[in-house]
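Below you will find one chain, with nothing else, as structure tokens; this is the form predicted alone, and questions on how it binds or moves follow later.
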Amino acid sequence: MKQSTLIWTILMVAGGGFLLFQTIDKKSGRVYVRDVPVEAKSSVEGAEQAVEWTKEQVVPEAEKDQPGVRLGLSRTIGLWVAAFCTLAIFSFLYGDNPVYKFTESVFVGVSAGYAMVVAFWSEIIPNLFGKLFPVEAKDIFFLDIKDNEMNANLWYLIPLTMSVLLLLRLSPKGSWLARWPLAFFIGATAGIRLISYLEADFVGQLQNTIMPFVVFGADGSWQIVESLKNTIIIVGVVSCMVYFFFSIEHEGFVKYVSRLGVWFLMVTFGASFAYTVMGRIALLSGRLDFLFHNWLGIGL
């Protein structure tokens, strides 16, 4: 056994033993709930029918001995499943293992299934079925369709046909038919994004770069900070553009300007990478807070 494998094995066994001791000793990993009555009245004018039910409200562990507080079995099981999945994902630090692969597959499958169900009920039913068969959609799925929209809109047969052609990609003989809707989808998306990128990035960058090198205040004083900021922005944009301009040789003065552009690019990439890392650190902090606070009951 390699030395690194032995060290990781000892750490994981020690960590597992600590978690087991913590769970048994402090009786952590339990969720306590209290039944709270809920009453709702119909919003229809003239209707006085009221519906009552109860819902579970999670209470702190310190209130577990109060009257009406009981152990929430389903929430406790969910807490342990969430903790197991979190530790299984963290086990990738030890190396690629079956537990990590199982959890990864569960996460991908659940995410895909959830996205498919949401798209079916939020897109296909109201925007396709509701347009082609408004009467049936209103009776079966209780869609809010106005009286002047009860006639079928046959234009929606086009996206229905293209959707069916996309599914033919799964057929070995008819997969070539899926290229037509796929080409339309990519072309339309590229055209829409081109306009948005031109307006938001290209034109916006030009507008934000047109600024004076020297800035004076309302009283005629020289604004040093604003002037320095404008100078850095203008020099950075021009030097980066020179770096990507390959129609001339990068020699002499152009060489030094392009090198300056490289420095600006590296600073930009570094800032973007640091921003991404900080976002991941925030996610890690959230999972550690869940494990130690919600699961083990250890205050951080």
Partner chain sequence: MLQFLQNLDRRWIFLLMLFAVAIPLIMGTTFPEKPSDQVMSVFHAVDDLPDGSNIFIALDYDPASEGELQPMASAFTRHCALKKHNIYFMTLWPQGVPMIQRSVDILENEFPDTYKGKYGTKYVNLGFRTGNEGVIKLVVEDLKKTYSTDINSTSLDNLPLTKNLKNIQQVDLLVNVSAGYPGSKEWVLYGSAPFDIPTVVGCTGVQAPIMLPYIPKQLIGMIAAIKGAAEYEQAIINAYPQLENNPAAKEGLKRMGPQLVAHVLLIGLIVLGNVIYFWERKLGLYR
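The term rigid core refers to the most C-alpha atoms you can superpose between the two forms while keeping them within 1.5 Å. Residue numbers count along the first chain shown, from 1. The structure presented is a predicted model; accordingly, all values stated were derived computationally and were not measured.
What comes next is about the form predicted in complex with the partner chain, which is not displayed.
This chain is displayed without the partner chain, yet in the model of the complex the stretch 121-129 from 121-129, 175-183, 162-170, 78-86 comes within 4.5 Å of it by heavy atoms.
Residue in contact with the partner chain in the model of the complex (any heavy atom within 4.5 Å), chosen from N97, Q205, N151, S221: Q205. For the candidate set Y197, W155, F102, F216, a heavy atom within 4.5 Å of the partner chain in the model of the complex is found for exactly one residue, namely Y197. Though the partner is left out of this view, G286 does reach within 4.5 Å of the partner chain in the model of the complex, counting heavy atoms only.
Taking non-hydrogen atoms only, S74 never approaches the partner chain to within 4.5 angstroms in the model of the complex. The closest non-hydrogen atom of G17 lies beyond 4.5 Å of the partner chain in the model of the complex.
In the model of the complex, the partner chain sits within 4.5 Å of a heavy atom of D144. In the model of the complex, the partner chain lies within 4.5 angstroms of at least one heavy atom of each of the following residues of 268-290: S272, Y275, T276, V277, M278, G279, R280, I281, A282, L283, L284, S285, G286, L288, D289, in sequence order. Relative to the superposed core, I89 undergoes a C-alpha shift smaller than 2 Å between this form and the one not shown. E63 shows a C-alpha shift of 2 Å or greater between this form and the one not shown [criterion: core-superposed Cα displacement of 2 Å]. Put the two forms on the same core and the Cα of L79 is off by less than 2 Å between this form and the one not shown.
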